[in-house]
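Just one chain follows, in the form predicted on its own, and it is written as structure tokens.
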């Protein structure tokens, strides 16, 4: 196999949650640019429609699926719609997530449910619903977007992402009988709307960067490039891993 073929996703069918902006949008565009047809799931239907037009301009199929993954009973039907629209599924990228509950002083039960249902429950339900479709495909893969917050012990948000990391490792064993690889990514600070409040605080940003070997934040496209790799034949031997993409921050202090 030629080296270029190792990263070719032609004929692959991928579902990306949280695809309307930030990391999810970059992942969707990256997978389509590598040859995959994509199903785009998120709450913002208008943004999804704009992204679908851009992806179709690449000559790839793009299905739009309005979805709030925190509404767990809607996740399975959305997976079914994605598989129907694409003719099956080879790749599931669980990217949808929300920030919040950075500390441990939890006083608002609905907010707790919102964070845990979105960041963890939605991932679990999507994986289980997608499993039959992925099992019918060859060399299928689940890629879950966790966070460096999981390794830093950053409040309830970090705990929700640690649950994603643990789930990925466990599923990599259980889903292996169906030939499904399971991998998680742990991004550090990425230039997205969700983390704009951090970059808006110069002192906080500088402190964080002083504990980051690369001395900068990542772009969404850098995270997407790793997802393209993990979805490709080049990563066929990668499963059960949690890959840090944090500029070296994982080895520094909690700040």
Ligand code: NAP
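On a predicted model such as this, the values are computed, not experimentally measured, just so you know. Residue numbers count along the first chain shown, from 1.
Unshown form predicted in complex with the named molecule; subsequent notes refer to it.
K.L.:
Counting only non-hydrogen atoms, choose the one of 83-91, 146-154, 127-135, 171-179 that falls within 4.5 Å of the named molecule in the predicted complex.
P.N.:
It is 146-154 that comes within 4.5 Å of the partner.
K.L.:
Which residue, 167, 159, 183, 98, has a heavy atom that falls within 4.5 Å of the named molecule in the predicted complex?
P.N.:
Only one listed residue qualifies here, and that residue is 98.
K.L.:
Report the residue, out of 56, 43, 211, 204, that has at least one non-hydrogen atom within 4.5 angstroms of the named molecule in the predicted complex.
P.N.:
Here the answer is residue option 43.
K.L.:
Tell me whether 19, 22 and 188, taken together, all sit within 4.5 Å of the named molecule in the predicted complex, counting heavy atoms only.
P.N.:
Yes, the whole candidate spot contacts the named molecule.
K.L.:
Does any heavy atom of residue 69 come within 4.5 Å of a heavy atom of the named molecule in the predicted complex?
P.N.:
Close contact exists here: in the predicted complex, residue 69 approaches the named molecule to within 4.5 Å, heavy atoms only.
K.L.:
Looking at the partner-bound form in the predicted complex, is residue 226 within 4.5 Å of the named molecule by any heavy atom?
P.N.:
It does not: once the named molecule is placed as it appears in the predicted complex, residue 226 has no heavy atom within 4.5 Å of it.
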